[in-house]
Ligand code: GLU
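Before any questions on how it binds or moves, here is one chain, the form predicted alone, in structure tokens.
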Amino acid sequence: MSVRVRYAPSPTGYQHVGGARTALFNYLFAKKNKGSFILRIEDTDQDRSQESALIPLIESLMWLGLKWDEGLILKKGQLESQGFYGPYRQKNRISIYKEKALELIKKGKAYYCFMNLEEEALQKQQALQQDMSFKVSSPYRDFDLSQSEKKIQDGEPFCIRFKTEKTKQSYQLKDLVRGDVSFPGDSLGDFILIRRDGFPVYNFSCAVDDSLMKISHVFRGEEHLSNSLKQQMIQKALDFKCPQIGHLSIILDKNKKKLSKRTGSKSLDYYRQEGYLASALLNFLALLGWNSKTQQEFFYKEELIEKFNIKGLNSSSAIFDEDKLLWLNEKHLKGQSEEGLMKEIKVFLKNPISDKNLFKKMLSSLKSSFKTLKQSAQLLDLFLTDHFELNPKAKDILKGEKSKSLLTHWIAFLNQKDKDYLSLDDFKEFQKSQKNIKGSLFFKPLRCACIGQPEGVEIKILVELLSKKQLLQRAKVALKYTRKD
């Protein structure tokens, strides 16, 4: 059987980074094994699914670079199913689920249940009073099918429940990450397959889809362990082959609490807007719950595909360390070509690029200072604009006792130079002429006069990237903030 894996998000909001990691591990497994990666949308939860969240979710995955082989795709702003096993949205597969539910009823593996919410609540209360775990005990479990059909014809509301075998033996589950997992035999009651509103529950639609779409392996979060047991029961009852399953580690935030959409964790789109590279985020997500068994931490996608092995997946909780993500992003930025970096940064710039060659020189000179695309663009915009402002710290620095003398000599020096841009030798010449002003008393006021802030890029780099005209204009503005005699 060929490798076929899927990522099946629910459109209940933004694309969560935990979900993106699940997608990544499925993608890497498929590519490593020359298999297929499928995108399926699980949208049968009418209360939580949002149509407006679907396209942004797909666009986030596309930005991350996880190209799927079949499933729901976006073409010219329109959603389409691509593949032989569609449709790939569960809300378009309702008739399939009803057909399979009826098949289970005819096999005696499921039944129509006419219990109302009050009856269920009463059983739940009784279980609580007896300090017992709650499992539904339906009086309709052994109803004759003709009796149930008569009640349906009379208009009585119903759901469809799976008939769980009563056993004291433990249920066993083979997990690709955790090994053998067991569940107490009495841990499950008769669970719902089709709700009263006619829509399937997650476990039923997922079990049916995985089988009909010939999914060979499933990698998903640890929170789905109990779901996997129910899904395998359904698949076996329908005489389907069960896919192999691996449950990934939980991702924790810096406070050791579970990272989740409901607790306000950040989205893929947040990191995109903050100027993180997709390659860096992929690299970082891959290290959450997977180990290459080497000292290497910096990976491009192609290397991840080459080195990925499910033996490297572990069940220990992973910490979402934003400092490490930023460190990886810096390394990926430094690894970009000037051409590639220019394309990425342009989106974040406020000012136009008038001279591409000069801009590439800026990228080459300043790359070591870049942390994110957004921060890089903010730095580059200081060079691209004719509008010059000093921040409050710069204004305080310029009030120093030697700042006025320094800038006066700087302006005079610039006026003597008959060239559009200074060289490093020119700067050294000026520095040598100011022997009585050293260290921060020299560098900070001069940097303030170049980029309007006392910290940041080395002066010897700045003076080669700003034109003589810009340097003069900015120095004259800065001079106005120096101490009055």
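Residue numbers run from 1 along the displayed sequence. Given the structure is predicted, the values throughout are model-derived calculations rather than measurements.
There is also a form predicted in complex with the named molecule; it is not shown, and the following applies to it.
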Q | Stretch from 217-225, 341-349, 140-148, 105-113 whose residues place a heavy atom within 4.5 Å of the named molecule in the model of the complex | A | 217-225
(Q) If we define contact as a non-hydrogen atom of the residue within 4.5 angstroms of the partner, is F158 a contact of the named molecule in the model of the complex? (A) no
Q | Any non-hydrogen atom of F240 within 4.5 angstroms of the named molecule in the model of the complex | A | no
Q: Decide whether E42 counts as a contact residue for the named molecule in the model of the complex under a heavy atom distance cut-off of 4.5 Å.
A: yes
Q. Any of the heavy atoms of Y202 lying within 4.5 Å of the named molecule in the model of the complex?
A. yes
Q: With the named molecule left out of view, choose which of L288, L282, C206, I397 has a non-hydrogen atom within 4.5 angstroms of it in the model of the complex.
A: C206
Q. Taking the named molecule in the model of the complex, which residues along 6-28 bring a heavy atom to within 4.5 Å of it?
A. R6, A8, P9, S10
